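Below, in structure tokens: the form predicted on its own, a single chain.
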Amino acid sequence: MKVLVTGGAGYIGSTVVRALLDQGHSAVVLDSLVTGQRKFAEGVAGVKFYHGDIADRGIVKKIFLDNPEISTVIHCAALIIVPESADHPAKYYRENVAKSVELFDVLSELGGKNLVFSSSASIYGNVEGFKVTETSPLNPSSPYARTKFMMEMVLQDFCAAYDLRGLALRYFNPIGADPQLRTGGYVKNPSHVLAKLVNAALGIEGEFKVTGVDWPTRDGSGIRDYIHIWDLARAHVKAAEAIEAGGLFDRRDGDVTSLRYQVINVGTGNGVTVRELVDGFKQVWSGEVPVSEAPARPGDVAGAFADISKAQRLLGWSPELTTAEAIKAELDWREARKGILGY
């Protein structure tokens, strides 16, 4: 199977590409490199790299002309920083919505394509007990979350009207790095919680801030579902294989589904508070970690964790790696990154 991965030079996309390769598939990567890393895609065995924008209809058509065997696209290209989306919503709606619509339109024009869309659990509203299923109420609370919500609706409409089949993976909070240390986080000033914890531990940042300590959780800090990035990448491979094999859309489970469109949660199925994550980090890290508390950021929510029974049932996927393994992978990656990216 050959798969086009948009944003395949980014943190999640590049790890998805490695998981595809490890399962014997090949990948084509389209990435603008606005945030992605060229070294994650160019010159990698089994990968054809195209430097370009997802809204460039010409390059998308060229990719399929050059690689006619591609029938499945994993769409990871997006901006993802919640506070930035609140400060610059126009940028997020342009990059995440307008450009994705152009991509979907080209794919519908090319005909018969399968699309796995990287959606987000941030679109869920508050749920008693914090555990969400695919039918839980939706209430995206930031411009970033609303871009994901909008694109789910767009994808569902496109699947109903055109020759597309779509699968939206609502994933939770990816952490860690590729266990073989081929890819990982690369942003020097990260917004992801574990990367910021590592920065505080290494003295790159003065302290780690627990943002929001008055949430109605067991310890007041936000609750999240922290999934190892490799488990998340494996889920994308399972999704691509399932959508290629057919039959996935014959399964109705009373949720957001149709003959051509499905929504599936991807997480661990366990809720971990930010304070519990800090405690877990301290068990892996031998040094000091300066920690302070701060108010919640714009767009922050109490959080949620996933009911993953649908992913287990339809994709045959379950998480295999622990939070502790993700923490260790992130720490190991920081050393490996110096040799790969130079910092």
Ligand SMILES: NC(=O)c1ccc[n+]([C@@H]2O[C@H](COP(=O)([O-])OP(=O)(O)OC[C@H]3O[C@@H](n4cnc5c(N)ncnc54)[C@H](O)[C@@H]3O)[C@@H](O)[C@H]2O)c1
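Numbering starts at 1 and runs along the sequence shown. Bear in mind that the values here come from a model prediction, so they are computed numbers and not experimental data.
What follows is about the form predicted in complex with this ligand, which we do not show.
Engineer: In the predicted bound form, which of the stretches 314 to 322, 278 to 286, 298 to 306, 51 to 59 has residues with heavy atoms within 4.5 Å of this ligand?
Structural biologist: Heavy-atom contact with the partner occurs in 51 to 59.
Engineer: State yes only if every one of G10, S32 and Y171 has a non-hydrogen atom within 4.5 Å of this ligand in the predicted bound form; otherwise state no.
Structural biologist: All of them do, each having a heavy atom within 4.5 Å of the partner.
Engineer: Indicate whether this ligand has at least one heavy atom within 4.5 Å of a heavy atom of L164 in the predicted bound form.
Structural biologist: It does not: once this ligand is placed as it appears in the predicted bound form, L164 has no heavy atom within 4.5 Å of it.
Engineer: According to a 4.5 angstroms non-hydrogen atom cut-off, is K99 in contact with this ligand in the predicted bound form?
Structural biologist: Yes, contact at 4.5 Å.
Engineer: Is there a non-hydrogen atom of E134 within 4.5 angstroms of a non-hydrogen atom of this ligand in the predicted bound form?
Structural biologist: Contact check for E134: no, nothing within 4.5 Å of this ligand in the predicted bound form.
Engineer: Should S118 be counted as a contact of this ligand in the predicted bound form, where contact means heavy atoms within 4.5 Å?
Structural biologist: Close contact exists here: in the predicted bound form, S118 approaches this ligand to within 4.5 Å, heavy atoms only.
Engineer: Can you pick out, from H192, K238, R146, R260, the residue that has a heavy atom within 4.5 Å of this ligand in the predicted bound form?
Structural biologist: Only one option qualifies, and that one is H192.
Engineer: Could you tell me which one of A177, L155, A233, C76 places a heavy atom within 4.5 Å of this ligand in the predicted bound form?
Structural biologist: Contact check passes for C76.
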